[in-house]
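Take a look at this single chain in structure tokens; it is the form predicted on its own.
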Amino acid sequence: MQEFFRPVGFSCKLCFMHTPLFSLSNQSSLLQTLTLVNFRNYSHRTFEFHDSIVALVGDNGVGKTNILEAISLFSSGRGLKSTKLSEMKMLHALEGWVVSANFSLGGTPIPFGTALDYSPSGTERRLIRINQVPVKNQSTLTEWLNIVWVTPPMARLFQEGGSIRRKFIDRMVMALNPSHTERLNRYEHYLRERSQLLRQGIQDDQWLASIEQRLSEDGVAISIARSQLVRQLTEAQSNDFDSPFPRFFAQMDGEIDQWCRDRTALDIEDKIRHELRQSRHQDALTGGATIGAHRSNLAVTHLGKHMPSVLCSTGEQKMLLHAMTLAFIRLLDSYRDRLTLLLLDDVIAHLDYEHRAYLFQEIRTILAQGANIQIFMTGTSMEEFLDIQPAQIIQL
């Protein structure tokens, strides 16, 4: 273990493991190896991947989702489970966790690493290294990789609050536009700063006006990016009338989103600044901001039934989620500058044979066209993945 960690209280000098790379003749971009140390249920395990489709198969509880979570940590944020860093540490482990990976990106081997560390004051933090170099800003990861996931809790996407749906769309936008990550981070920072000033009763008009200017600029850019992505998703869905997945119409729904459909960006920014200024007193009492990109929602209509997704059955909502995921995979075929890792956790279990066969056929077709995508799926039975051969199947 000392080859990975320094003693308890280890510092930023923590070293990441580098496993040997192996060459791939038919893939220019691929996650090739993944090493987990003290991560969830893995004390020390290395996985090797050599295909653009990887199926992780095993009984419930063996750690399939943990592997996907480890991969998801090479994106900004807290991964697909969105848990505290310390909760990812293996139970009873004396030291923090390390996740290291070797990617071939455009044929060039690039090592990545991330780990749990602690500041001198004992606060947990995440270290990141790309190609041996420490990285301070997590958003840098989106300049190298796109990582998008669909997990079982997302089956309730249309039943939960709007923030869940915004995050779902934002993750897709990040995959196509890395600058979206930085805009979101700035926007959330300015929201917190404005809220804190208002709660404390600080009436510095110049300071507040400066923050509201930034909120309006980033808010409009965020809203436009979301609307463009959702429109692209709607356009990218299959026109195959034999598809078992429902056709859908999607759009962002919110006050700013409505303005974006019939006003210029500059007009909208002016309108937001005016509204924020007028609502300072109310926002000081209630917290947050009464207007902004953080108030947007995703509205999806099941076209076959002419019914809003919120009124559809649970099964229909799951099929809408899968239809949107398929549309996103098609959309990714046009964006090949970075490798996209698509993590589908237990998605197959929700599909009958017809839907599963169609999903696999779509994936094979898109990959055959040269899409820069690597797909990881989990399941409990080898039989679930027979129709997606050839693929790499790892029995856990």
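One rule holds for the numbers: they count along the sequence shown, beginning at 1. Computed from a predicted structure; not experimentally measured.
Although not depicted, the form predicted together with a small molecule is the subject of the following passage.
Proximity of residue 326 to the small molecule in the predicted bound form: non-hydrogen atoms within 4.5 Å are absent; the residue sits far from the partner. Contact annotation: residue 87 falls within 4.5 Å of the small molecule in the predicted bound form, judged by heavy atom distances. Residue contact check for residue 62: one or more of its heavy atoms lie within 4.5 Å of the small molecule in the predicted bound form.
The small molecule is not drawn, but in the predicted bound form it has no heavy atom within 4.5 Å of residue 285. The stretch that touches the small molecule in the predicted bound form, counting heavy atoms within 4.5 Å, is 62-70, out of 62-70, 47-55, 361-369, 29-37.
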